[in-house]
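Given next, in structure tokens, is a single chain: the form predicted on its own.
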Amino acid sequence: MLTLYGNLESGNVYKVRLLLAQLDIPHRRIDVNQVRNEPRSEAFRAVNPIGKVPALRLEDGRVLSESGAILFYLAQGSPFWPDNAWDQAQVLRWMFFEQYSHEPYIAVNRYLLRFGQDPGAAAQRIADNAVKGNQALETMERHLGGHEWFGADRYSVADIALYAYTHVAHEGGFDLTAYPSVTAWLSRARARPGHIGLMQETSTEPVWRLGESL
């Protein structure tokens, strides 16, 4: 069985959990929590030297990290990964956009406002991120004015990657009512078969804590 390391609150972990649910692939989860600083612990770095969640341990013991790489690996041969090279490149383009032009601002503001010890001390960073996060949402809005999905003519891992932090962008202070095409896309993504909520536990076994023996 696959073993997923990460916590429920993490959007990057949620991307993997959502794809696993929509592919109907069972997994167990080991809780690794950023708020407790567990990704930087020696116990977790023994699993993933990068010190970031998610990490996915395969049945043969190999460990894959980085949410985009995990989505790519799991989606091979499935409807979530297109067949032709052009559509594949478009899916990757939007996944790279999410990691470099979206997540650093929308996800980081969510973290600072929800989990930061002193959001007031980060007020300038939050304000700067708000500008760039809204620019990312505007880019998405323009694209969705002429397309139903990102990267291909059907729902793909690009949509999963962007959905994860966009659907909770309000927790980072972003007003999604200003982006009607984005909100309509979120509704379409939410209606896909096998959809799960961010805080919906999907582990097929009781959740383990980091350091416990499987």
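This is a predicted model, so every value here is computed, not measured. Position 1 is the first residue in the sequence shown; the rest follow in order.
There is also a form predicted in complex with a small molecule; it is not shown, and the following applies to it.
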Heavy atom to heavy atom, is Gly172 within 4.5 Å of the small molecule in the predicted complex?
no
Decide whether Thr166 counts as a contact residue for the small molecule in the predicted complex under a heavy atom distance cut-off of 4.5 Å.
no
Does the small molecule get within 4.5 angstroms of any non-hydrogen atom of Glu66 in the predicted complex?
yes
Would Asn12 count as touching the small molecule in the predicted complex under a 4.5 Å heavy atom rule?
yes
So the small molecule isn't shown here. In the predicted complex, which residue out of Val182, Ile30, Val53, Ile160 has a non-hydrogen atom within 4.5 Å of it?
Val53
Residues Gln22, Pro82 and Asp87 all lining the small molecule in the predicted complex, heavy atom within 4.5 Å
no
Tell me which stretch of 74-82, 133-141, 95-103, 120-128 has a heavy atom within 4.5 angstroms of the small molecule in the predicted complex.
95-103
